[in-house]
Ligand code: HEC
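Shown below, as structure tokens, is a lone chain in the form predicted on its own; questions about how it binds or moves come after it.
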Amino acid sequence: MVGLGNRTLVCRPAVTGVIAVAVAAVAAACGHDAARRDPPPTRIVLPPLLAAMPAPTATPIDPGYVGPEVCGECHEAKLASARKTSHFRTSRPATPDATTAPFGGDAEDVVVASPVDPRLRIVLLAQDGGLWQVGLDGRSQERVARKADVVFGSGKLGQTFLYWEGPFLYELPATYFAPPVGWRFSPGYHEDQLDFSRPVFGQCLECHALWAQPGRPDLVYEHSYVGEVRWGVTCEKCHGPGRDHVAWHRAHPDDTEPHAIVAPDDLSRERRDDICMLCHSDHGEELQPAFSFRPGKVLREFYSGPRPGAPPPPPDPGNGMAAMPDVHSNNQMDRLRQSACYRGSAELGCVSCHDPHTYERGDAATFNERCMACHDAATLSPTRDAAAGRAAVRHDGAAPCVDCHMPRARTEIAQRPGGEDEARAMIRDHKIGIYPAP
């Protein structure tokens, strides 16, 4: 069924022998010509034929990226640590060891069924070293198989799978979300069809890859690519292309002063935040082709979103929790900028709390130390809300500060129409504040 490379396989049962005679007899008795009947409408959506798509017009260029392995020649320890982070793992070639998502064998062991019609389902298969998504429509007996080429996402919240059709990149219809959610239709997909035709535009890749060259950079919504795609958000995403830096230091091995490279710590807060805001904010409409931005540049010359330092949106109504269901990694900077901590500081930014070179997830003691750099635990008195029956708040530097002041919220990415009460992946709200106890 799936041993066909990356080609589409569409199967319909043949009508032969005794069955064919019976069908013809019934058709004649009813006064209809069975051969002229329209087939049932397809519910499996495929991309246009490759021959019908416009060819890329761009010529591959060398943007000057050298890759993390070259960076590791001098920064071995930082590279070894950074490889464990979600940034490095946010896109990779689709191999079985690149995902924690469960896949089945030959049988339909792992299936996503449409809540609209359970006859419409996606079978997840691991065969011949590849990861496959097979769309099945029990009504029309259609079957489509596509082999995943790319895994999107580190797995912290979930992973989506992509495939190549010539130079064009498409998203597969099933996404695996972190437990307790599991496999579901990919976010935004209609569940009354199996859609293999969703394009993956340059704006998507810009946050999930170091570099990709759009095949037609004159178009905003373009999903063809030429040349090599460098997967993962690796060293040069924050430090800029390293070719000239590496050439200089190879020629001058005794020079310890960094040349031709961006050191984010040396940038102003606005320019440093711009690097993070490229992917962790609502950066607005594209003003220049995807992958044009470089660290140290002004992000608002590339995207039309609100300028850094602009007045925050009006406060949330009620207790401040209203916006939490919309929390996602692409608005963390927007939420942070609403925080009193951010507004009251001239320097606080993403890297004040996050070391991008180090995997720190769940390390409460480390994050507490960073909170205590500004907040002296001795000055934070315990409080008690007797009417609500709450226990005293422990401002002792040991209790995880983020559990109360950056609570976890349900991300919207797994939500589907009618699924508001379903389990969803959780992510911390980056609006630092004082929240009601759950």
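One-based numbering along the sequence shown. Just so it is clear, the model here is predicted, and its values are computed rather than measured.
One more form of this protein, predicted in complex with the ligand, exists but is not displayed; see below.
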Is residue 371 part of the interface with the ligand in the model of the complex - any heavy atom within 4.5 Å?
yes
Would residue 275 show up as a contact with the ligand in the model of the complex if we use heavy atoms at 4.5 Å?
yes
With the partner left out of view, is residue 109 within 4.5 angstroms of the ligand in the model of the complex by any non-hydrogen atom?
no
Under a 4.5 Å heavy atom criterion, is residue 356 part of the interface with the ligand in the model of the complex?
yes
In the model of the complex, do 206, 262 and 350 all reach within 4.5 Å of the ligand through at least one heavy atom apiece?
yes
Taking the ligand in the model of the complex as the reference, which of 367, 185, 302, 225 has a non-hydrogen atom within 4.5 Å?
367
Only one of 166, 155, 102, 296 has a non-hydrogen atom within 4.5 angstroms of the ligand in the model of the complex; which is it?
155
Counting only non-hydrogen atoms, choose the one of 158-166, 115-123, 131-139, 212-220 that falls within 4.5 Å of the ligand in the model of the complex.
158-166
Within 63-89, which residues have a heavy atom closer than or equal to 4.5 Å from the ligand in the model of the complex?
66, 70, 71, 73, 74, 75, 78, 79, 82, 86, 87, 88
